[in-house]
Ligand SMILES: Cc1cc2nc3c(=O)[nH]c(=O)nc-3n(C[C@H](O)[C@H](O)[C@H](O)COP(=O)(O)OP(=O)(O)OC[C@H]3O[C@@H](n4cnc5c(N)ncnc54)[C@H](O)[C@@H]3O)c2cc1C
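The chain that follows stands alone, in the form predicted on its own, written as structure tokens.
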């Protein structure tokens, strides 16, 4: 029986933060990951996705400016783009392991499983830990349909050397929308099958309506209120059978991707053996990110049911867990208002309350909402969409929420996030001098 002070499960941003703080404080620390070290974001999530997006943005802008200074559109070479992506991802596992090992952290390379409340079994070893930190993140949600074995997931898309002629994405959330925009601009014929009544249901409905129009203008077919029944392999292609309005339809395609969302990566941990409470959202924790049923266990990052599963939150939660392990439960998790963005082209971004939430919570609410493709920022690049909705409290002049659709929305939204988190009124924003002309300066006209 080996013993450690802290055993961390997961080597993403949250888990690494805990491990580093604890080992530097003199504790004996071990860490385990059943995939390559470095976590989802750096190896098979946010970062590689954004790299693939880069040349796509170039093609998008050039296409919009054809005849307006651009005489011939550039051609996207997907294989070259994948090679470029590897410059960002291929060294992450090795450098992450080297960094952790040099700190004196013991590394394991499989998913451990609990055999009691304080003991794990991993790589044929039993390890007793004073504290156990679950930071395993999320994994693609399985789709329980006949023929599910033919489905690909986000990992597969990010590693495609060649895009197929036809693609079906099952699910119109973040992943399905971002990948569909990339694939369509790279020449694939794309269909999105969504079980709900609109895409991106967690975002402002007015913004998603405009994004739907842009998406369809790209040639992407969006099928709403549809339930996939089965997938069949037919002559090196696939038939996707789905039901819509009591009618059964079939789409023939080269490849099918499950983009219905992600879920906590906890299936292999054997949590019942350790009396660890969990839900569909993740490990159940208190305000100190400590499990409510097993006080030896903490959870941070996406797998914690506290807060949104977004990368910027993971490091914050890792610091909270590390502090509470080292000092006793004395630091509560306090997550600021966090912006989020969908990296379609144009971007869709949001922070704070929706219009409906704001009206339910406050009596005196103002909403500034408009589609402004004729504004200079959008017009100079001939952007197909530029829409905003900003909500504020008339009494305090404080911003309650902002929702943007535009070429720079993922960047501009950060100014609104700063304003909300630091109580910057609309009057102070209007009186701030920004560069001109710029996307950020447009904020003054939005409020």
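Given the structure is predicted, the values throughout are model-derived calculations rather than measurements. Residue numbers count along the first chain shown, from 1.
One more form of this protein exists, namely the form predicted in complex with this ligand; it is left out here, but the text below deals with it.
Between the options 55, 401, 384, 45, the residue in contact with this ligand in the predicted complex by a heavy atom within 4.5 angstroms is 45. Here is the short version: of 258, 350, 180, 314, the single residue with a heavy atom within 4.5 Å of this ligand in the predicted complex is 314. Using a 4.5 Å heavy atom cutoff, 12, 175 and 268 all lie near this ligand in the predicted complex. In the predicted complex, this ligand lies farther than 4.5 Å from every heavy atom of residue 408.
Interface residue remark: residue 420 is not counted as part of the site for this ligand in the predicted complex, having no heavy atom within 4.5 Å. Contact annotation: residue 34 falls within 4.5 Å of this ligand in the predicted complex, judged by heavy atom distances.
Not displayed here, this ligand is kept clear of residue 389 by more than 4.5 Å at the level of heavy atoms in the predicted complex. Of the candidate stretches 259-267, 73-81, 204-212, 187-195, only 259-267 has residues with heavy atoms within 4.5 Å of this ligand in the predicted complex. Along 136-160, these residues reach a heavy atom to within 4.5 Å of this ligand in the predicted complex: 136, 137, 138, 154, 158.
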